[in-house]
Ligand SMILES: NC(=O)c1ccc[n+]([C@@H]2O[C@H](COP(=O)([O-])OP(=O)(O)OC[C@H]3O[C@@H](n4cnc5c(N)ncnc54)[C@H](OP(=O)(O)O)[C@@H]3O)[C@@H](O)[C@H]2O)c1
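Here's a solo chain for you in C-alpha cells, the form predicted on its own.
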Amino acid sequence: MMIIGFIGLGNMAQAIIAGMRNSPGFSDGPILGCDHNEGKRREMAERFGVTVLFDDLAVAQQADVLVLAVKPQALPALFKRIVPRRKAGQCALSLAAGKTIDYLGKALGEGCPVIRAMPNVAARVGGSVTALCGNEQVTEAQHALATEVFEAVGFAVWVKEAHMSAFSTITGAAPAFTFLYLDALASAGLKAGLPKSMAMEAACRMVMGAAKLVMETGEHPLALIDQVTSPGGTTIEGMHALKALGFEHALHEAVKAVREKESSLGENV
C-alpha cells in the first residue's frame, strides 16, 4: 500500500483526507501530514488518524505520494528544504494554482513523477470536480491512486495541461461566483417578502435542479431557455434585464481575470 503524505493541512487537505477516510480504499491506510498550526495537527490526528510528523522534510522522506497542499508562493522555499533528501521514486501531487508540470518537474528533479490536481471547495461535501494532469513519468499505479483520491471527494477528470487553466477556472473559481449568485437570488427573494432561509433553500434547489436537467437531458442551455421563455411573458423580461446589465460579459471578464492571476502566479517562481 502506498503511503500518502500531506505537506500542509489546510482546508483543502482536510477535505481530501476526510473524503479518503470515508472511502473503502483509504479508510485505514497510512496518511502522513505536517502543518505549522498545532490545532490543525491535533485535529487531523484525532479525527482522521493522520500520523503527524515533525516537519515537511520528515513527510517527504517517508511518503510514496507527496501531496503539496501549500500556497504557490511557498513552493520555492519548500523545495529547497525537501528536494535533496526526499524519498526516491516519490510521486509529487501538487494542489498549487498556476505551477505547471514543467516548473514542478524542474524543481523536483529530472525523472520525478508529477501530477497536478485542481479540486474545488465542494470537496467538503463530496461534490468537487477535480481536474488532473500528469507528466510521462507517472506510472499506471500512481495515475490510478490519484484518480481514487479525488473520486473520494467527487468527480475526477484527466485533462491535457493546456486545458488545465480554463477547466480549473470553471470548476475551481466559479463556485465563488455561484455563491454570489445564490446570495443575490436569496436577497431578491427576501426583498420580495420571503424569509431568508426559505429564499436560500429555493435558490439552492433551483440551481441543483437546473444543472441536473442540463446534465441528464444533454440539451443545450439556450434550448432550455427557449422552453421557459414565453412571448410577452415574465421570464423573458428578466432575461432582457440580465443581458442589458452585462450578465454574460461580467462572467467572461471574471473568468479572464482568474486566468490572468493564475498565469502571474506561474511566472513568479
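Sequential numbering from 1, following the sequence displayed. Everything numeric here is computed off the predicted structure, so don't read it as measured data.
The discussion below concerns the form predicted in complex with this ligand, not included here.
K.L.:
Please tell me whether any heavy atom belonging to residue 143 falls inside 4.5 Å of a heavy atom of this ligand, as the geometry stands in the predicted bound form.
P.N.:
Contact check for residue 143: no, nothing within 4.5 Å of this ligand in the predicted bound form.
K.L.:
Residue 93 near this ligand in the predicted bound form, any heavy atom under 4.5 Å?
P.N.:
Flag for residue 93 set to no.
K.L.:
Quick one: does residue 5 come within 4.5 Å of this ligand in the predicted bound form, counting heavy atoms only?
P.N.:
Output for residue 5 is no: heavy atoms all beyond 4.5 Å of this ligand.
K.L.:
May I ask you to state whether residue 196 is within 4.5 Å of this ligand in the predicted bound form, using heavy atom distances?
P.N.:
Residue 196 lies outside the contact set for this ligand.
K.L.:
Look at the candidate spot formed by 64, 83 and 131 and say whether this ligand comes within 4.5 Å of a heavy atom in all three of them in the predicted bound form.
P.N.:
Heavy-atom distance to this ligand in the predicted bound form: none of the three under 4.5 Å.
K.L.:
Counting only non-hydrogen atoms, choose the one of 96-104, 131-139, 176-184, 155-163 that falls within 4.5 Å of this ligand in the predicted bound form.
P.N.:
Looking at the other structure, the answer is 96-104.
K.L.:
Can you name the residues of 18-46 that have a heavy atom within 4.5 Å of this ligand in the predicted bound form?
P.N.:
Heavy-atom contacts within 4.5 Å come from 34, 35, 36, 40.
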